[in-house]
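Encoded as structure tokens, the following chain is the form predicted on its own, with no partner shown.
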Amino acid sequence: MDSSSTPQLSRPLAALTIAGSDSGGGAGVQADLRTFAAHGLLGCSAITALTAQNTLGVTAVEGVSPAMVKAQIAAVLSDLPVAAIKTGMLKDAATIEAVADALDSAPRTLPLVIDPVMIATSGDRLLDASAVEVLIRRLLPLATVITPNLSEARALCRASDASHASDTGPERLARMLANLAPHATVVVTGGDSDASTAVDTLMTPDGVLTQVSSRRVETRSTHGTGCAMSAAIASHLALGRSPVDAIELAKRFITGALQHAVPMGAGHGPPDHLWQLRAMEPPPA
């Protein structure tokens, strides 16, 4: 394992995920907490919604009240050594407003990774269409990194009145999103394409456009990869790495998690979030 991805902690650190619960354990808060643990961090959570789902899809969604979401965030930030925050499924406009209000009291230097979860791999909608404008207006300006996939990037750009977003490639989408999140490094992820390589397109706040690629891993254990990717980025930001370095290391983490995954369930199961820890274990006697 690359030593640069091994956590080196001089003091205990925590990371906070603000996201939905996946009853199947493959995505959402469950994936985030395992990813934080794999990087040596205490995982804290503010649950925004409950989902009934498995590897085949989502059968029910029930939101947590915005007041309770806000209370969870405040409780964690008031006491624990949170060094980075990530958001996942936020469900509706009222929840996004509550999250933004809660984060107003957080230090501006605290890294924030926004994974604009809109539609599950199964096609189930996880963010109300009316909430996208609120996400753009309230949260994107606070972001350190945003991690939309191609479909989410196009949806965000369409919602901001950008024309022809549905026909736009990842490079132009990254530039358009940089205007919506002026302080963030934008990552338009390419893991959901059909190409032989998975190419992520990055745009830094100072206008540098780069790409990070990896060979595609043939596996059906892809449920929650976007959640784990954004949680891994938040983990590396918490450990003091730059956004670009955090993204590159997170991509290596996801590639390894896919390579080491054992198929579970009848549909798209989870990757192996703990593969790095298992790689460090001594062989059995």
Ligand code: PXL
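If you're wondering where the values come from, they're calculated on a predicted model, not measured in any experiment. Residue numbers here begin at 1 and follow the sequence given.
Not on display, but discussed next: the form predicted together with this ligand.
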item: Contacting member of Leu126, Ala159, Leu180, Ala143, with respect to this ligand in the model of the complex [4.5 Å, heavy atom]; value: Leu126
item: Option touching this ligand, based on a heavy atom within 4.5 Å in the model of the complex, out of Val117, Ile96, Ala184, Ala84; value: Val117
item: 4.5 angstroms heavy atom contact with this ligand in the model of the complex for Ser21; value: yes
item: Contact test in the model of the complex: Val188 vs this ligand, heavy atoms, 4.5 Å; value: no
item: Partner proximity in the model of the complex: Ala27 to this ligand, non-hydrogen atom cutoff 4.5 Å; value: yes
item: His236 within 4.5 Å of this ligand in the model of the complex, heavy atoms; value: no
item: Contact stretch among 212-220, 255-263, 62-70, 46-54 - heavy atom within 4.5 Å of this ligand in the model of the complex; value: 46-54
item: Sequence-ordered list of residues in 88-107 near this ligand in the model of the complex, where near means a heavy atom within 4.5 Å; value: Met89
